[in-house]
Every structure is written in C-alpha cells, then in structure tokens.
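The form predicted on its own is given below as one chain in structure tokens.
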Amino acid sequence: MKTLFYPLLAALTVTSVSAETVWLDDLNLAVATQDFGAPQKNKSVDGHALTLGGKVFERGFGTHADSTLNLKLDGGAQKFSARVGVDDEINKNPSASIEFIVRGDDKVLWQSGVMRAGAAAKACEVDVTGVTALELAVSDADDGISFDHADWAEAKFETAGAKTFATSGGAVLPPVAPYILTPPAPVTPRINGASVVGVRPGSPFLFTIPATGDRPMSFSAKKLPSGLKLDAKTGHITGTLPRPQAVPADAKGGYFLTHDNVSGNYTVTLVAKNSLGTAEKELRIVCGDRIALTPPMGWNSWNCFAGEVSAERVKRAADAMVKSGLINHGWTYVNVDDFWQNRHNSKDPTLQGAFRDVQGNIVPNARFPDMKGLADYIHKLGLKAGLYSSPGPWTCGNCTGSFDREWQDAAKYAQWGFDYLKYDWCSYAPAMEARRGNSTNYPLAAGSWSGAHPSSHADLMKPYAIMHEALAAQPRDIVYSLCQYGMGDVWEWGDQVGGNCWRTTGDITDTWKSMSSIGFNQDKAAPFAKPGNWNDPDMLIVGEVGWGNLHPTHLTVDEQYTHISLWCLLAAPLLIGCDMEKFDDFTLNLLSNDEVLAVDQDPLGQQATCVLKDGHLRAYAKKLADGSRAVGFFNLGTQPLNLSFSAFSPVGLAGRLTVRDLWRQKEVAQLNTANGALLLAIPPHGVVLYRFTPAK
C-alpha cells in the first residue's frame, strides 16, 4: 500500500543571539489552504501587485478567503505585523467582505473586523512573545467567498534571533497513516451500481454493467427490451427505446399503450459470468421524461487541473476510470469543466482564437481539436461525457459562455455527443445589467463567483429555463447541473427549470472547515431531493487535488471517510475531483466500496438528515428502498469518541435489527432497541457508517 503524503513543515527554526526580521514571504506559503486560487508570494491572488486602498505594497502574501496558514514559532518571535485588506484588483465589488484573524496557541490574538473592497489597509500589530503555534486566517465574514481577495502586505516577524519559521496548511488534526477498511471484491462475479436508470424515448442509451470479479467475464441480459442490444464481452448496453404508441382499445374511444410495459418500465435481469461463478442483478429501465434517477457518479476536471485541462488529460482520466476498475463500481461520467473554450485576452496561445465561427457556433480552443472525437472516445470505453458552460457571455475563467446562444450551443453539445452539462452562473448578472442599460460591453467574470446576486427568483430562474428548453429539444439525454451556489434556495425551484442537480453551496476546498461546514448544513434542502433531482454539495476532495497546483488532499484519513460517508448519505452527485492517474491504494479503496456507494445510489432517492446532536456527536439517518436505514455516526470533535448508544427512537430505529458495518462490509451486531445498546468508537473527525435492517 502506498503512503499518502501530507504537507510537512517547510523549514526549521534557527536561532542566534542577534535580533532578526523574518519576512512572511520568505517562508513557504504554498502550503497554505484557501477556498479559491493558489497562495501568492508578493502578489495578489490573481497575480497582480499587492494594492490596498490605492497603495501598492512590494512584499506580502496574496490569498483568498477562507484561508489558513499555520506557523511553528516555538517561542522564537516577539511581534507580528502586517497591513491587511481586500485587494483593489476586484474593483470595489460590493460582494467582497473578509475578516483577518490571528490566533496564537488556539487563542484569538487579533481581529481586523469586517473589511470591504476599496478600504485603506489596516495595521495589524500583535505581540507573539512565547507563542508556540501561530495561525493567520482569513474568513469570508459569513456571506460567501465571492471576490474575497485578501492581502497580508508587509507581513513580518520581529525575533530575538530566529531567522526562519516553519509553515503548514490548515489541518486541524495531525496526519494519520492511511488504513483500509473495505475488503477486496471477491474474484467471483458481483454486479454493482444503480438498480434503476432513466432514459427518454428516442435518446441514445448507454449503460455499462458494473461488475467486479476475475476477467475474462461474459455478460448477458434476460428480458432486454426491443431496441437495446448487449455486447457480451464489454457489458455495454446500447440502442434506443421508442415512445409508447397510443392506439384505440375499444369502440368507445378508450386508449391503451402498446409497450412491453404500459408504464414504460422494463425489468431486466443482468448476468455476469466468469470461470468461478455467475452473478445476477435486476435493473429497472424507466423510459419516460425523467433521467438521472440516481445521483450522477463520475469525474470532473476542475479540482485537479482547473485552467490547465486538455483533451489528452481528459482521455487519460477516462482510461484511468477503466484501468483502475472504478467503472466496475458504477462510476460513469467524465466531465470537462471550464477552459475548453477560447479565453478573453489570454496570453496563452492555446486559449487564443475566435470565440465563435461565422455561423455563430462556439469554437473549442487548441487543446480540444476534436470535441466529437473526444466524446466518441469516452463512449467507446462505456463511459459518458460531460461539458461546462455559463448562461453569461463569459465563464468563471473568462472563456466563451452561452449568453444569447443557448439553442445553438445546446445543439452543438448534442451533435458532439455530450451527456452532461454543468451550467455556471458567472457573468450572467452583470451582463443583464449591461443589457438593461442598452450596452453590449459585457463585464468579464473576474473572481471566484461573478456578478451581483439577482433580486428575484424570476431573474435567477430565467437563464436556466432557457437552456433547459434548448437541451430538452435535443435528440439525446443531457444531464443538467445548475451551478449557482445555492442562491435563492435553488432546491425549491431547480426542478421547475429542468435541473437534474443543483449546487447548494459555494466551491469546496480540501479542508475540514470547508467540507464539514458544507456537508453538515444540507438539511434545509433535503425535502427537495428525489429521483431526477439532487442537491449538490460540490465535488469530492480526496486523492491528489489542487486546482492546477496538485497536492495530496489536506483532509486526514478519517476526514476522508467522513466525506464519502456523508456525501453518500446526502444522496449527492459523486464527482471525483482528483488526478485519476495518481490513485494510491487508500483513495482507490475509498471510492470502490459498493455497499457505501449503494447508499448514495439507493432508488428511493431520499436524502439523509441530522436526527441527533449530542456534543460532538452527529447522527444522520437515511431511509432506503428495502425498508432498512443507513445511519452515519459522526464525531465533529478533535478527540476520540467512545460511547454506549441507545437513543434509537430519534434515529427512527425500533425492534430487532441486524447491524452491518458498511465500510468493513460485515455484520457487527444483532440488536433489540427495547433493551439493547450499541458501542460506538469514532475517531476524531471520523465516522461509523451502519445499515440497520429489520431482523427476520
């Protein structure tokens, strides 16, 4: 088993008798964690000169809320000073609001108060005498991270002789060596993945039977409907299903549907066979108006490659999905995020060129010379392909968006053969404001989220409804993912504009603060989750991530178990964000536990909610289609949690139950809730994930 690398201390403390000044920018800032972009030395987060309130500073640290940089002082410093504020590069955008916080040995030593764009730099001077561990943090002031570009300018330490200090990221807990809980899949065949799939009449159908076990393996299907065919070697099911025909049933003019099943439901028995045995599993194919009947599972390019994505990298990710075996666990989509288009005023020659051709069709950049060929390549592997755009004129990365070209772009995506669209809000609101002022000079989408928040649901819904209408008219199914950060409680109206899933939050980063604050605050959206409609708390942050600056995730091993467990309980779309070619054994095992994934893919489609809070303990319960319940017991504290648990009523558990540990894939107890108790041992920031089934 390979060992995960965690950020290490970047330098050793060296002392002498002479007084010293240690500049923050002389230390290793790359290990800092932040919720957008990469840490910058002597530059703003967007790479410009550090500028606060019109004044330029030569030295400092440019970052983005939420941000954390930890320093190991060991009593070697006497004073920390800096000039702090919101960098002028965001042009006084009213969305920007941040607070700088200095903590020493877990105590707050200084706070800036909320600072906004355009304000003069504020002086930060802190006595750090005797401080062992110092934390420099930037919070989003509790209103989201939009345009929160933060500068620690002229940041330095006065010391009694120390010449440098160690820096590290935002980890709350010390690293733990990876440990694998899930046993290997058996060598005999086992069919995994979703038990229901939706398709619209006439749309191309593609489903790969996800089966583990020794190869070679052959596949067959019982009661496969007319119009579909199965490749016995690959397990790929392809074809189309017709719309049911309504014909007169009697002389009184009644009608019935001529179909294998009048509801459009087909129950197919999938069969996988190798030299060691045979496995069967029922798959329900629903031919109707709804798709994404279980949360989408796949990969997205943003969290690893960001603006450095290319067709070759996407192809290699698709190859890795197959080679790693993840395809055999139900992972399906390979999605290209931003930067497949040409970019406004780019200095990178691979992003330069026409935005659209003479017919108005969107033009891919030089990194993506053949979009149809890319989609075909992915399809031949038995996978599906996804793409990214914006309802505004520019994407978040200032590449070409779909503003006023929705129908043309939707037709092009379908012609190329894409199966998924992430539609990101960036630049739409300022474009509409410009249009209302009779201007066609649409602002660029600088910053992490762009544009003022609209004032009404109608304004929020309009661009998504337009693209939905265009997608619905195409001759193929395209899963529609609304990315607008949860504005206007999107879960309440996302289905009305044709969304299959919708972001409920801002962008996630690979820190405990980001992941936990998102994951444990999804209850308000839970009633709106159902087959075809999924609340999306953003992508997975396990493995090697970095948004163009790759590094092993900053989450501890136990935090990663919590991350996957919680997202599956939440019935969330599961989109891997790491470099697929750099899987270690732990990460691959984390993503291939079929019993855990089955909680996410349960056909009932209910989202778990928090049913119990007790100190640092949180219990999340989810009702499953077979009448059992999946329950995650989470420890939000920094110390191990050991307890005898008997509060079964709030969790919805009663009677005699079989208790199964889903990560270890084994039964751990027979329980009678009337007089029994369950012993729980939960590591810091960790989880115990059980399935409770009524005993026969």
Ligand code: GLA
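Computed from a predicted structure; not experimentally measured. Just count from 1 along the sequence shown to find any residue number. Rigid core here is just the name for the largest C-alpha set that superposes within 1.5 Å across the two forms.
The protein also exists as the form predicted together with the named molecule; that form is not presented, and the subsequent description refers to it.
Every member of the trio D337, G397 and Y485 reaches the named molecule in the model of the complex with some non-hydrogen atom inside 4.5 Å. Residue contact check for D507: one or more of its heavy atoms lie within 4.5 Å of the named molecule in the model of the complex.
In the model of the complex, the named molecule lies farther than 4.5 Å from every heavy atom of V286. Interface residue remark: F583 is not counted as part of the site for the named molecule in the model of the complex, having no heavy atom within 4.5 Å. Not displayed here, the named molecule is approached by Y388 to within 4.5 Å at the level of heavy atoms in the model of the complex.
Between the named molecule and the residues D409, D477, D602, D424, the one pair within 4.5 Å by heavy atoms in the model of the complex involves D424. Listed residues R503, R343, H468, K384 were compared with the named molecule in the model of the complex; R503 is the one with a heavy atom within 4.5 Å. Look at 416 to 424, 312 to 320, 325 to 333, 510 to 518: in the model of the complex, residues with non-hydrogen atoms within 4.5 angstroms of the named molecule sit in 416 to 424. Along 288 to 314, one residue reaches a heavy atom to within 4.5 Å of the named molecule in the model of the complex: W302.
After superposing the rigid core, the Cα of Q607 is displaced by less than 2 Å between the shown form and the other one. The Cα shift for F634 between the shown form and the other one, taken after rigid core superposition, is smaller than 2 angstroms.
Superposition on the rigid core between the shown form and the other one places the CA atom of N328 less than 2 Å from its counterpart. A change of 3 Å or more separates the two forms for F36 and F339: their C-alpha atoms lie farther apart in the model of the complex. Compared with the form shown here, the Cα atoms of V542 and S146 sit 3 Å or more closer together in the model of the complex.
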